[in-house]
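Coming up is one lone chain in C-alpha cells, specifically the form predicted alone.
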C-alpha cells in the first residue's frame, strides 16, 4: 500500500505531466499492456478513499454496481502490474456516465458516457487522474485511456426527439440534429453498422452524428485537451466500427497520440482497412483472437484455423506489429472459463506474446479467473485474489522478460531484430505449430497437459546442425538435428503439452535470462538430434565433477601401467576387451591394472546410461 507521504510526492510531479511528449505509434512498438476496469482493479484505501458511498460489503459482479476502485487506488497496486513486466496500463473510460439506476443497473464500468468533456466523479478528481499519469511516467510506463464518443445512453428510444429530454439525461449533445435518427443495427449492412443504434429498448445507446460540424469540432478539441492535460500516451477507441472511418483520421490526429480501435468481429479485411485507409494506427486483434480460440481453446482443437487466420492477418495488415493481441477482455469469456487445461492456456499466452503485435492482458487473467462466461461475470474485482504471485503471474512475467530482453539487446536473426521482423509460420500439424519471430522460435501445441508418446518435428529451424539452442521458458538446452531440424517430445512426465521459445545458445548468453548458458551443463532428455530421432542423452551437471575425477584417476593408473610394463612388471591379462599374449586370468594381474580396467568399465557404463 502506498504511504501517506506519497500523495504530496505525486502531486509534486503533476507539473511534469503536461510536459510529457505524446507517444507515437513507433514509440508504442514493443510495449505490453495491462487492461483494467478502474472500479474493479484495486479497493479503496486510506490514501485512496472511495468516491461512492455506501459500498457493498462484497463486490458481487452480478449486482452490476460500484465497488469503489478509483484512479488513486490504481496507484496503490502499480508494483503488482510492473512486477509482471508491463510497461503500459489501459484504464476504462474517464468521462462522465449516466448516473441513475437502469434496467441493467449502474454504469460502474464507465462505458455509458453521456458527457465526454467532463470527468467521472466516481473515479476521482482531475488531480487524481494527473497523479496516476505522473506515477506511471515516473516508472517509465505509458497511460492508455479508453474513450467512448459514439453512443450516449438514453432512458427511452424517444429521448433524441426533444432537447429538454436530452438536457434532463445529462447529455453533452442537446440538439436532436447531433444524433442519427433511431434505427437498430442490421449487422449484415455496413451502413447500418455505422449509423444505427447500439443497445435495446430498455437502454438505447443513441448514435452520435459524427458528420455534424459542431460534434466534430467539439470532439476533436476535447481529445487534444484531454491527452495534453493528463499526459495520456495512447487511446483505446471503443466501438470504432460504429462510426464512419474517415471521422477517426482527424480525431486521432487531434489527439496527438497512438490510437488503437475496437473493431469487434472476425472479418480480417474490415479490421485491416483501419490501417490501410489510415483511419487510425491500429486495432485490437479480434481476428487473431478467434484464431487462438480455434487453435488452443480445446484439446486437439483446430490448429489449421489458427495457422490460416494468422497467415491472413500477417498478409492483410500493413503493420501487424501494432495489433493488440489478447485472449480475454471485458466483453469476452474468461479463457479459463472455457478452457480448464493449464498448458493450453500457457500455449495461448505464448502465441499472444510472441506473435506480431502488442500483448494485452486483461486484469484477472494472471490469477486464472474462471467465473466469467460473459458480462457481467467477467468483470469481478481483483482484490479477492490477494494479488497473489501465482503460476500464471510468473508465466506472464517470463514472457514479458523475454520480449524486453530481445528488444533492448537488439538480438537479431538474419539481419532482422524482433521488432523489425514479421512472424513466419515454419511448420504445423493438426495439433502443433512453430513460428519464428526474429531471433525467437516458438513451438506450440494444443495436445493438452497429459503426456503422450508423440513428438513434433520442425524440419528447418534456421539454426545449423549440432548447434545448441536454449528454451527460454525452461532454460534447458537442446541440440539441433540434421538439416537444422528441431524435435520436441511430449512423452516424458511433465512434458505433456508444453510450449517452447527457442533461441540460439549465443543469443541466450547475451540475453542473460537463463544464467550462464555458455557451458553445456544440461541437455534436455526431451530434445532430439533430428526431427525423426529419439530423445538424446541427458547429462546431469551434478555428475560432471565425479566423471572428471574418475577420468583423471584412470589416466594416472594407466600411466602406472605403462611404467610397470617398461620395467618388466609381470602383467598378464586376458579379457574380452584387451588383447593379450597370455592366457592367464586378468584377475591375477597387477593391482594398478585391475583398478584401471575397473574404472574404465565404470566410466563407460555411466556414459551409456
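Numbering follows the first chain given and starts at 1. Fair warning: this is a prediction, and the values are worked out from it, not measured in the lab.
Omitted here: the form predicted in complex with a small molecule. The next part is about that form.
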Among the candidate stretches 294 to 302, 448 to 456, 193 to 201, 493 to 501, which one is within 4.5 Å of the small molecule in the predicted bound form when only heavy atoms are counted?
193 to 201
Identify which of 166, 513, 322, 239 has a heavy atom within 4.5 Å of the small molecule in the predicted bound form; exactly one of them does.
239
Among 405, 473, 440, 205, just one has a heavy atom within 4.5 Å of the small molecule in the predicted bound form, namely 205
Exercise: residue 151 in contact with the small molecule in the predicted bound form, heavy atom 4.5 Å:
yes
Is there a non-hydrogen atom of residue 330 within 4.5 angstroms of a non-hydrogen atom of the small molecule in the predicted bound form?
yes
My question is simply whether residue 122 lines the interface with the small molecule in the predicted bound form - judged by any non-hydrogen atom within 4.5 Å.
no
Would residue 375 count as touching the small molecule in the predicted bound form under a 4.5 Å heavy atom rule?
yes
